[in-house]
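As a starting point, one isolated chain is supplied in structure tokens, in the form predicted alone.
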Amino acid sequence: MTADQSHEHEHVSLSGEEAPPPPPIAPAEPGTFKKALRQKRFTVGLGITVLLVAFVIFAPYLAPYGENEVAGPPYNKATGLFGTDYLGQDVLSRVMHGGGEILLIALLGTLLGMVLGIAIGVVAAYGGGWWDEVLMRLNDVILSFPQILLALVVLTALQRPSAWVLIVLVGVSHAPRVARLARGVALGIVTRDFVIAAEALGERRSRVILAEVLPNMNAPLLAEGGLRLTYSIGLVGALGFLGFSADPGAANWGQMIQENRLGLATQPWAVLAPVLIIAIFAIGTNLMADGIAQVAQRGDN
């Protein structure tokens, strides 16, 4: 028997009929991030956010003046690109130095809030019963306090809050809102067949949550994470405006607004420059969240 005849014989069944060819392998479905990159809103928001993060990281090394260096008379429009502030410090240099604290606290606070909220929400949904009732009722109690009010109650009792105190406050203020979303998403997953099959195979609950439940929640949680980061930037900026920052002597966008508000009519750029960069930062992260939310909605449909 020749090689061609042998090959042809392999495709012939015992009944003499030709065996069907193997089904084509379906291409792997792209992940949430790759799908989001196809969304114009997400790519624009990602570009804005990356540029501003790079600005915050590298701008202090390129600033024409030090963050506390006097460059000219107070509220002088002729000095530098944006003039000087109420102490005669260069506004552009202060803006270039002032984003590190806001970015770090907002990012770490958002991550902490997401981790706490996801843990509470998933445990409540998967545990059910009294676990769900106790966790969600405590969650509702914290939700009843506005975020800024909850932060002020704690900060007014401290003489000088550290960066870690601000990070914990931002994270704790976000956790209840993330928990409610995570619970709602998880409730639609924990009753699916693949979760029930994993439980029937004797998998531990922690493994079922990590391997089966959480991977199917990534799109809505990523969208919520972008939205929480937007709120974190505004919250940290507002706390800086009210005088609560980790280092009162360092440049801070929120604190710059508070320090120069009385000279708004005389030298508006001392206030407008930090306001605009906080607004652009929030717009960038919000566009990213909207893009991921569109991906999640199409996946549900």
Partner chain sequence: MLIHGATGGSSKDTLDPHAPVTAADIARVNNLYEPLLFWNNNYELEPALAESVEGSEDAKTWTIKMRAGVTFHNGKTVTADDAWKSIQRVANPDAPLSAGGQLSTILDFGACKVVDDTTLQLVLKAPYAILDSLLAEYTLGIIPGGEFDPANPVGTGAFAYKSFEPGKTSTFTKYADYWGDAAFVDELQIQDFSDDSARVNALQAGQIQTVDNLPYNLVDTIKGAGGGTLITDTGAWVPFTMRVDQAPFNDVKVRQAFRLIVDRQQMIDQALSGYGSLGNDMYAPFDVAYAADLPQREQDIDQAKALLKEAGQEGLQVELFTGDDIGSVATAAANLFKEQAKAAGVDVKVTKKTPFYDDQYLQYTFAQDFWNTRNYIPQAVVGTFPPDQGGTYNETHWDNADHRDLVNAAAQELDDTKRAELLHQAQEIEYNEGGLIIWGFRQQVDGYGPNVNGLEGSKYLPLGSYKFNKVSVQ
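Quick caveat: nothing in here was measured; it's all calculated off a predicted structure. Positions refer to the first chain, counted from 1.
Below: the form predicted together with its partner chain, not depicted.
Note that among 119-127, 212-220, 193-201, 74-82, the stretch whose heavy atoms approach its partner chain to within 4.5 Å in the model of the complex is 74-82. Checked against its partner chain in the model of the complex, the residues Leu37, Leu262, Val50, Ile57 give one hit for a heavy atom within 4.5 Å, which is Leu262. When contacts are judged by a 4.5 Å heavy atom cut-off, Arg160 counts as touching its partner chain in the model of the complex. In the model of the complex, at least one heavy atom of Asn68 sits within 4.5 Å of its partner chain.
Its partner chain in the model of the complex is not approached by Val115, whose heavy atoms all lie more than 4.5 angstroms from it. Contact annotation: Thr266 falls within 4.5 Å of its partner chain in the model of the complex, judged by heavy atom distances. Contacts between stretch 115-153 and its partner chain, counted in the model of the complex as any heavy atom lying within 4.5 Å, involve no residue at all.
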